[in-house]
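Given as structure tokens, the chain that follows is alone and in the form predicted on its own.
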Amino acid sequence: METYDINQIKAELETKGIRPSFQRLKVMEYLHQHKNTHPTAEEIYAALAPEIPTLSRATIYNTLHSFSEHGLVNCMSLDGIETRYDMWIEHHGHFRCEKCGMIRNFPVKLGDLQMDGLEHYEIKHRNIIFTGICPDCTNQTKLEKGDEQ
């Protein structure tokens, strides 16, 4: 797991006008350490609560909302049920494996997308999501069936 300099995280929050409380620093550190998993608020809470016994779920949700409002994280839902938090704030797409749940970011050139019929609409958020089976799960299925790779 990567480690992040708490002073850099503190500066990142201060640059966005967010007071760097201990809880906010720990949430941001966790998000940086788990940026490839797109954690949920519950996952963050479960991971940090043993270290911060006074931490509440409300603090986690309020902190994530503040981070989102200040452009530090993107909120996203890949399944329409749970909200996940993504540290990659530039435009990109997501692939979610239907078997293992792995989520992978990939670059997208949004300027190349055809959006016929939306000329007079104000687009506030773009989210490109592909679902399917990742190579690891595909290979595991082949091994289980005895197929050659």
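Throughout, we count residues from 1 along the sequence that is shown. Please read these numbers as outputs of a predicted model, since none were measured by experiment.
Keep in mind that the form predicted together with a further copy of the same chain is missing from the display, and what follows is about it.
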Margin query: Is Ala11 part of the interface with a further copy of the same chain in the predicted bound form - any heavy atom within 4.5 Å?
Written below: no
Checklist line | Any non-hydrogen atom of Gln140 within 4.5 angstroms of a further copy of the same chain in the predicted bound form | finding: no
Note to self: With the partner left out here, check for me: in the predicted bound form, does some heavy atom of Pro53 sit within 4.5 Å of a further copy of the same chain?
What the structure shows: no
Next item on the list: Answer yes if any heavy atom of Asn127 is within 4.5 Å of a heavy atom of a further copy of the same chain in the predicted bound form; otherwise answer no.
Entry: yes
Note to self: Taking a further copy of the same chain in the predicted bound form, would Met102, Leu113 and Gly132 all count as contacting it (heavy atom within 4.5 Å)?
What the structure shows: yes
Note to self: Only one of these stretches, 54 to 62, 119 to 127, 22 to 30, 39 to 47, has heavy atoms within 4.5 Å of a further copy of the same chain in the predicted bound form; which one is it?
What the structure shows: 119 to 127
Margin query: So the CA-CA distance for Asp136 and His32 moves by at least 3 angstroms in the predicted bound form. Closer or farther than here?
Written below: farther
Checklist line | Closer or farther: C-alpha pair Thr37/Gly101 in the predicted bound form, relative to this form, given a change of 3 Å or more | finding: farther
